[in-house]
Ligand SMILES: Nc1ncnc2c1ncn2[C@@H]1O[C@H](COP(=O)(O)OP(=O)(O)OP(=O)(O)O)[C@@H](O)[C@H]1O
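Single chain ahead, by itself, as structure tokens, in the form predicted alone.
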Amino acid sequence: MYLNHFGFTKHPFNLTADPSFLFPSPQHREAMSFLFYGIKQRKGFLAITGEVGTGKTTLCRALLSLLDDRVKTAFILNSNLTEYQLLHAIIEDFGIGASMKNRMNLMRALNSFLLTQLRDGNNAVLIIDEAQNLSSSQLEQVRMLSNLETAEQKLLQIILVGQPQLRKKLDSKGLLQLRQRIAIRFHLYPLSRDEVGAYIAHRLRVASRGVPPSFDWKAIDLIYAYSGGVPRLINMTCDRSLLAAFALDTRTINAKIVRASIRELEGEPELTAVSAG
């Protein structure tokens, strides 16, 4: 609705995990460096955790967009699967033609695929999002996938991505063998106050054809206080605030606009009473 008015090429605060909007905060850069290192060095298991909305999926999509064609990938977004369905989804996402129904045959097909990639000088990466939903038996099955290796290196690099509950699961006694195989663990935290301002400015720049609208410092203070630095909540607040600014025909989003937008998000509509002053 407000795209043309503000000169945006796309929505700057969509809730989709668009890798072009990845905000290069110090912790996100560090996480990306760890992931690249783990993949290149064939470390086997890696884990990325963080609260809901902290940008874990966006980070993974950005990672996928940066990997070259020598790295074959499978990205599992739906973790609410049976053990067989999970294995079949992995096979399918790698593009392995496997019509067989038998679990053992699926494992053989995957192993053959991975050996072929190694022979051709390629690597293979499996990313499982929302991994906190995996049961202990499913996590054990994923651990078994890490047994696909040669005497010298891992054939498959596995990245588990999930909410803090995943950390608790991995620290449980029953998953000791899996935990011991995780070479890299990284936790994403919400953004700081200064990072929130930089995050908003970054997304506005990425989406704009020219000079983007701006949020004043009091507006950013309110957004930080409401969101706690969680990118998903920042996006929701900024999107609603831009809609209000469009209705008011202003390019500066102030605290009054943000406050009314927050009230609306909380189910207390007051947007029509807002003025730009």
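The numbering used is simple: start at 1 and walk along the sequence shown. What you see is a predicted model; the values in this text were computed from it and never measured.
Form predicted together with the named molecule: not shown, discussed below.
- This chain lacks the partner; the member of Val52, Val211, Ala225, Leu64 within 4.5 angstroms of the named molecule in the model of the complex by a non-hydrogen atom is Val52.
- Contact annotation for the candidate site: Thr16, Phe23 and His28 all lie close to the named molecule in the model of the complex (heavy atom within 4.5 Å).
- Heavy atoms of Arg203 reach within 4.5 Å of the named molecule in the model of the complex, making it an interface residue.
- Using a 4.5 angstroms threshold between heavy atoms, Gln163 counts as touching the named molecule in the model of the complex.
- For the chain shown alone, Asn235 is a contact residue for the named molecule in the model of the complex, at least one non-hydrogen atom being within 4.5 angstroms.
- Contact check for Asp93: every heavy atom lies farther than 4.5 Å from the named molecule in the model of the complex.
- Shown alone, this chain has one stretch from 226-234, 33-41, 64-72, 247-255 that lies within 4.5 Å of the named molecule in the model of the complex by heavy atoms: 226-234.
- The single residue of 175-202 lying near the named molecule in the model of the complex is Tyr199, the criterion being any heavy atom within 4.5 Å.
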